[in-house]
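Quick setup: one chain, the form predicted alone, written in structure tokens, and binding and motion questions come after.
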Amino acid sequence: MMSTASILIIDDEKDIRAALRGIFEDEGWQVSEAGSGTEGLEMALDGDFDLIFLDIWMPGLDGMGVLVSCARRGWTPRPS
């Protein structure tokens, strides 16, 4: 039996996070959310995610900053 896949949604817009969460949970995925780049980066580095959906344009730490920081710190998705 395959384990439930885990997704992290990083987006400053609550409605977008809610819409994506609904879609992914309907498909059986485990979903976590972050409302800012800083929060999302912490969650990504501390968590165990298969996939991260990342908004590029956010105030403060934007999506590209999160992506670069994850790459520099060696984040990789959980092996399948």
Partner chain sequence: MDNPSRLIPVKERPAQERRKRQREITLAVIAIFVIVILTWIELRLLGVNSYLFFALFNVNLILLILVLFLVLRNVIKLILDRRRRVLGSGLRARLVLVFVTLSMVPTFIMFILSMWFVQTSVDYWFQSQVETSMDHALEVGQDFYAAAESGLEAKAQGILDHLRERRITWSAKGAEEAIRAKGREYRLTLVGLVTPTLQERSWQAAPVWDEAWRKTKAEVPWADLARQPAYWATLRAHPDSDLVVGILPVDEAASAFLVVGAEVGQGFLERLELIAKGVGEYKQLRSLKFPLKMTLYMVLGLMTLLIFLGATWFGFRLAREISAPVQALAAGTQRIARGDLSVRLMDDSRDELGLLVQSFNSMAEDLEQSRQGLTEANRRLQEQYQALIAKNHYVQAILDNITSGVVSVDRSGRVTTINRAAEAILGLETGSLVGRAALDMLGPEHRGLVQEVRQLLSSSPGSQWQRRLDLDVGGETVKLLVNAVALMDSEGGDSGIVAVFENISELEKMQRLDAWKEVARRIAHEIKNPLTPIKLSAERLERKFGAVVADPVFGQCTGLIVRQVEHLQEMVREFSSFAKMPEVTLVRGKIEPILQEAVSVFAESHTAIRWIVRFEDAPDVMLDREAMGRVFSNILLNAAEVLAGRDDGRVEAVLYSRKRKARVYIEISDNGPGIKPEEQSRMFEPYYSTKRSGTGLGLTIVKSIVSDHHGHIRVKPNEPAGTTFVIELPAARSEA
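Treat the numbers as computed from the prediction; the structure is a model and nothing was measured. Positions refer to the first chain, counted from 1.
Below, we turn to the form predicted together with its partner chain, even though it does not appear here.
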- Message: Although the partner isn't part of this model, could you tell me whether E27 comes within 4.5 Å of its partner chain in the predicted complex, counting any heavy atom of the residue?
- Response: yes
- Task: Please check if G22 has a heavy atom lying within 4.5 Å of any heavy atom of its partner chain in the predicted complex.
- Result: yes
- Message: Taking its partner chain as it sits in the predicted complex, is I16 near enough to touch it, meaning that at least one heavy atom pair lies within 4.5 angstroms?
- Response: yes
- Task: Quick one: name the residues from 29-66 with any non-hydrogen atom within 4.5 angstroms of its partner chain in the predicted complex.
- Result: W57
